[in-house]
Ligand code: HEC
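The data below hold one chain only, encoded as structure tokens and taken in the form predicted on its own.
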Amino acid sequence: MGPFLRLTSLLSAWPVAVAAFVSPVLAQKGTVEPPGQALYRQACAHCHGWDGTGARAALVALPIQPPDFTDSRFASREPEADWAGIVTLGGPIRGFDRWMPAFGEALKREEIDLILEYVQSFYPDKSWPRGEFNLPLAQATEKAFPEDEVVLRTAVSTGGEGALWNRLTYEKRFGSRNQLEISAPFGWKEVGRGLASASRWEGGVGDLAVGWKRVLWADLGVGSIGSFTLEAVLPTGNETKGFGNGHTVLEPFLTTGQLLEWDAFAQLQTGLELPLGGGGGEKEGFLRLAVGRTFTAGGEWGRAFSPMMEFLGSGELEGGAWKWDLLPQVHFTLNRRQHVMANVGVRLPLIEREGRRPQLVFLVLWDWFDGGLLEGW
């Protein structure tokens, strides 16, 4: 055995040896270790550090730097079940490096859960909402959880004059409970159908929206999260061609998420659309409810599928009839890391259907904080 290998072996063994010496001493003094601490020190501390900050890669002969569990921004984001999958089956189960080994044969699931409970104690700022609240994104109902995402939504008309409408949204989380959102709609529509001349397609950009989201509460004990968002829709689209409203609209709304039994969930969004500056338009209200359940294929940590049903209502606040739609859909992960996802559904008008046709709706979501678009496949 060469000097480098002997040094590596000594570095691998010293946390276990020290833990074996220290634990009885602490027990004699009446000190009670947190659940999972001894297991963490024996199985994890060599690479991840006794304090969770991550051992220096060069010292433990690793090609990559282990993550810092004391960073609230990182450690709070993912649900505990995903952490358990990586510990049990190793890094490749989520498209991460193979240097994160699998402990499924060495540790029981109960022991892994104790380790993860201890790891959660490393990061100090508990105001960051836990990753369990990052529920599947519905087609119309906004999430209460703040995220770092890029989302592309597409709606295709199925009758009458053709239309293909898109909305590209960029979301940036800042601080523990805030999110900035910028949304740009664009698309094409068919004009002139039914006239003597042939129909043609026109394209354009719609009204740009800028929003700020603030988490008001997040209680994992009761499985509930709530946020307030204030959004301004700016008149950047061409009103004469039907690509914009021609006036600024202020949209305050409340979003909530609720974790339910058997991996089910519910999300609610309710708010107002308030035109500003006397430029026309009526004050409107809207209500959106999404209910669904997540299933996995190929075991607990396989590809996730979340069938959902959305109930969508909107209408004028003063005497106007409300429009109600039904939107069945399926949200699913595309890659192993599960930070690239998609959703497919159909929006069906229920009442006030005159001039409104069913729409095919799609979205693709990229959680860019978890890696590049081409990573984790």
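Heads up: residue numbers just count along the shown sequence, starting at 1. Remember, it's a predicted structure, so these values are computed and weren't measured experimentally.
Not on display, but discussed next: the form predicted in complex with the named molecule.
Only one segment in the set 101-109, 208-216, 177-185, 144-152 has any non-hydrogen atom within 4.5 angstroms of the named molecule in the predicted complex, and it is 101-109. In the predicted complex, no heavy atom of A163 sits within 4.5 Å of the named molecule. L116 belongs to the set of residues with a heavy atom inside 4.5 Å of the named molecule in the predicted complex. Interface residue remark: C44 is counted as part of the site for the named molecule in the predicted complex, having a heavy atom within 4.5 Å. Heavy atoms of I64 reach within 4.5 Å of the named molecule in the predicted complex, making it an interface residue.
If you check the named molecule in the predicted complex, you find no heavy atom from any of F332, F362 and D367 within 4.5 Å.
Among I225, L137, V87, V233, the residue placing a heavy atom within 4.5 Å of the named molecule in the predicted complex is V87. W83 is the sole member of F265, W83, F305, F286 with a non-hydrogen atom lying within 4.5 angstroms of the named molecule in the predicted complex.
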